[in-house]
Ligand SMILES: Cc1cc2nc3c(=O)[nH]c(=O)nc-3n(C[C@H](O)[C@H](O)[C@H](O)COP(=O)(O)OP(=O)(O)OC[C@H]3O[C@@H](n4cnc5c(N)ncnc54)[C@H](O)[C@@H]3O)c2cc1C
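A single chain comes next, written as structure tokens; it is the form predicted on its own.
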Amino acid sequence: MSPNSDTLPGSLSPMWYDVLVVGGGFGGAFAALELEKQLDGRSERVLLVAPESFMLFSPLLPEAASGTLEPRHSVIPLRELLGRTDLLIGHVTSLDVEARKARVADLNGGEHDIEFGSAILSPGSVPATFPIPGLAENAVGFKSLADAIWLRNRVLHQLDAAEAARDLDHRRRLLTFTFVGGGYAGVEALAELESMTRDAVKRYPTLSIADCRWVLVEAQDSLLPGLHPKLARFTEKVLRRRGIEVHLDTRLESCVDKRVELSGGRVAPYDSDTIVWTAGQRPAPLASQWGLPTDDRGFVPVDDHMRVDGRSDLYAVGDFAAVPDPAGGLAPNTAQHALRQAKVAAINVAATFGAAEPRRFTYRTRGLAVTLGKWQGTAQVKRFTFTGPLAWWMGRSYHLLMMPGIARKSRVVSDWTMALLFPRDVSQLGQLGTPSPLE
């Protein structure tokens, strides 16, 4: 039964759920999936509130942007993933953790009052930005499927525009792509899109890959924080060998009117029509609104059972939570950690109903993998490091292992196989989903 299924949009008819799950990403979706497993055959009711009807499988986002993967195959419909969880697509507009009440705005503008016994919070994160002149007006992020499709269209559009341009300065501006942030998202997105451009530019008689300028700006002295230094150096070497400019210990100081100015004075100011901001994430700014404790970075501290401030009815996971790492410090905010945190939180919620035994979060990072375009990658498994085609294959294999559902795995494998056997698909997707105007 759906919340307020017998009422009109805008009416308030409180509904009771034993468990409220907020967020449809790795944390929320896998928490609901584990609850279905633990509460199978029981009467407890679970509601998942998410802003979209699908879970984005974020590790595959760079490949979706580059055309290696069909964009639809990088998402998993929540109604396909969850068979016994009630879904409400919308946003939590208020949450009273003491009264155990929430208000949700749905897609129709209607409001729903929800009462719950326990809650698992995983509303995700947003880009961490700074007051850099021109940033908000001229840069784009790389976090959602819409971002990936837009960026793919953008790169291909710039090639078309450059082919038609006769002014060399204008052409240079069109074909200059700047990525700010040398973490996993920035490096993979840049590497995959540069690889796509190498394939696409062959179809343009007056262009070559040498006409394109790719710039990666990183404030730290190394790429890919958390990865073995050997692999970070290898990644930098691979990117430089492909003609990509890598500027470490460098910050974006301004991009007013898409005129990029970097710190240090080593790079002269230049024009870049495409600026992508991938310099980190911060928790969704909801904790203070909901009266939850936060650390100095805005994350909600939890214990090793995923409980907020020692409460037995409130849990936080994923990018929203500061989770103790068994190895010391805090667990990284990665998909592999969010997935395991979600399962621990769900099991501990089920334990309050007598359906499971309480569990601590004991997961340690098994490894990290970065894809750098066709046949290139880096991977770290415990103390072992891998580079090149083997690392590329290992990274893909791990992502496939994490993805739920045989059907979805099969579609992804099919895309990868087609990409190996045939030239890359370089069609733009800008018109999809947009009706043509009547003339």
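In case it trips you up, residue 1 is the first one in the sequence shown, and so on. Because the structure is a prediction, the values reported are computed rather than measured.
Another form exists, predicted in complex with this ligand; not displayed. Remarks below refer to it.
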**Message:** Only one of Val246, Val201, Val92, Ala139 gets a heavy atom within 4.5 Å of this ligand in the predicted bound form. Which one?
**Reply:** Val92
**in the predicted bound form, the residue from Ala355, Val267, Leu286, Leu107 that sits within 4.5 Å of this ligand by heavy atoms** = Leu286
**Prompt:** Hey, of 68 to 76, 171 to 179, 142 to 150, 111 to 119, which bit sits against this ligand in the predicted bound form at 4.5 Å between non-hydrogen atoms?
**Reply:** 142 to 150
**Heavy atom of each of Val49, Trp290 and Gln336 within 4.5 Å of this ligand in the predicted bound form** = yes
**Asked** Is Gln38 one of the residues lying within 4.5 Å of this ligand in the predicted bound form, judged by heavy atom distances?
**Response** no
**Gly373 within 4.5 Å of this ligand in the predicted bound form, heavy atoms** = no
**Message:** My question is simply whether Gln380 lines the interface with this ligand in the predicted bound form - judged by any non-hydrogen atom within 4.5 Å.
**Reply:** no
**Prompt:** Closest heavy atom of Glu236 to this ligand in the predicted bound form, within 4.5 Å or not?
**Reply:** no
**Heavy atom contacts to this ligand in the predicted bound form at 4.5 Å, residues of 224 to 250 in sequence order** = none
